[in-house]
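Coming up is one lone chain in structure tokens, specifically the form predicted on its own.
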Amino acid sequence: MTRNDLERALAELPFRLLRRLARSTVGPHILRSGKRRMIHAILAVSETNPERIDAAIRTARAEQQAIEAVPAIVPDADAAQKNKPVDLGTFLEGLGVPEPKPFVPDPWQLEALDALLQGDVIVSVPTGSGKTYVAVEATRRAMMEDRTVVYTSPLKALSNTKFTEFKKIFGPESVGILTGDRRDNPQAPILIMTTEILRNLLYDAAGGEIDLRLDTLGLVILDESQFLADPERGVVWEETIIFCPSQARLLLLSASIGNPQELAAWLTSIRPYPCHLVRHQHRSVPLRAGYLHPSGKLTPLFRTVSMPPSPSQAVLHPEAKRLFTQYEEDTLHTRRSG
């Protein structure tokens, strides 16, 4: 067998058998390489031991022929259709801007607003469900009663975004912002700030330097309240809740609180009002997972359109598997060549 014949025979082998042949003839280190590098390494070995390589190729071919000779199990049509992986068209179907429709609040949104009349509220619902609607309507109610509203977030960038959003809703004269590097309209009835700023204001009040705005404070909104569990910053949220004036209602918003029942029980134990928990898992905006290969090829990540209910039930799409393998081979080859 000439070198060209040998190279052609190696190229025709399934990748699985080529890897096994490379491992037995060259060594396990070659498995980190791509297909072309494996073939060249085997060819180099064949120059000193051609009989060994010929025998190994014959064995691999015989194994492949035995596999191909096994009759394929053909499932019934219904089962095949049921197990068929989703195609890209189905995966992308429905994406885009929805048709305009009259807004109708969800029952849980109305439940949260009603519960705020009686006490504090924790809203733990998925991202995109409409937590901001509850915050806006609760703010509107507080302003109608001439009460001050404080909206806090853990990030300056998010505070700036909410500042712009609330100005469009309530007007620039009604909204102010207080962050570490920004102070705009601080006497406004609606104040957007980071949680640390509010905690510091409450510290001043506890020390006797009463800020008149706290006397009229009617609503405190703590966005991204899952930060209560943060090892470093969680204490800020705890102290803010503990020092919050008793006449103000607390509205905690989050999509990822792990123990909302325990948090609601804790608030009920330290606050003068009961804390009502509003929670559901239904996503108003379903999640879909796709894989974009560096070549520009897009494919569903999983066999189904929707996300698997749990990691243990996740089954990768065949095309995603193929692209993963291709990317691994390409990057390993480039890394070795460099």
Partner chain sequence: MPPSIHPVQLISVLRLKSLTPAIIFLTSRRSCDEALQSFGQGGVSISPARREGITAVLEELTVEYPSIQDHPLREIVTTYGVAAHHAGHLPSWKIAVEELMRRGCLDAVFATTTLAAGVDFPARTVVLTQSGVRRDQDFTDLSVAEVGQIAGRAGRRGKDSVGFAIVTPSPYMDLGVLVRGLTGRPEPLDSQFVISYPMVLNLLKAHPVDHIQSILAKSFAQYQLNEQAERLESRHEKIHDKLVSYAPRECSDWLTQWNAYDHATRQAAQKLHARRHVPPEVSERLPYLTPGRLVTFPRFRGVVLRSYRSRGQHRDMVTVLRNGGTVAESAVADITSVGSRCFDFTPAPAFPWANQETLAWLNQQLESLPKQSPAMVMSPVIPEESGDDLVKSLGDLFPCPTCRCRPTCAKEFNAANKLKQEALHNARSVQSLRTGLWHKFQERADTLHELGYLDAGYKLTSDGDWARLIRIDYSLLITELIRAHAFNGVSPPVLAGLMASISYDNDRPSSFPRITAALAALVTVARRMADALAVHDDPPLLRADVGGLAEQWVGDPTITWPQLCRGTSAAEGDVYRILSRTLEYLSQIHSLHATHAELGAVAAQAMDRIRRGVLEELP
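Numbering follows the first chain given and starts at 1. Here, rigid core means the biggest group of C-alpha atoms that superpose within 1.5 Å across both forms. These figures come from a predicted structure and were not determined experimentally.
As for the form predicted in complex with the partner chain, it is not shown, yet the points below apply to it.
Taking non-hydrogen atoms only, residue 140 never approaches the partner chain to within 4.5 angstroms in the predicted complex. Contact between residue 239 and the partner chain in the predicted complex is found at the 4.5 Å heavy atom cutoff. Proximity of residue 174 to the partner chain in the predicted complex falls outside the 4.5 Å heavy atom cutoff. Although the partner is absent from this view, residue 30 stays clear of the partner chain in the predicted complex, with no non-hydrogen atom inside 4.5 angstroms. Three-residue candidate spot 200, 228 and 243; every residue lies within 4.5 angstroms of the partner chain in the predicted complex by at least one non-hydrogen atom. Residue-level contacts in the predicted complex: of 301, 53, 39, 277, one residue has a heavy atom within 4.5 Å of the partner chain, and it is 301. The contact residue chosen from 169, 155, 117, 110 relative to the partner chain in the predicted complex is 155, the criterion being a non-hydrogen atom within 4.5 angstroms. Picking from 256-264, 141-149, 214-222, 185-193 the stretch near the partner chain in the predicted complex, with a 4.5 Å limit on heavy atoms, gives 256-264.
Contacts between stretch 264-300 and the partner chain, counted in the predicted complex as any heavy atom lying within 4.5 Å, involve 265, 266, 269, 270, 279, 281, 283, 284, 285, 286, 287, 288, 289, 290, 291, 292, 293, 294, 295, 296, 298, listed in sequence order. With the core held fixed, the Cα of residue 270 is displaced between this form and the one not shown by less than 2 Å. Core-superposed comparison between this form and the one not shown: CA of residue 98 displaced by 2 Å or more. Once both forms are fitted on their core, a CA shift of 2 Å or more is seen for residue 312 between this form and the one not shown.
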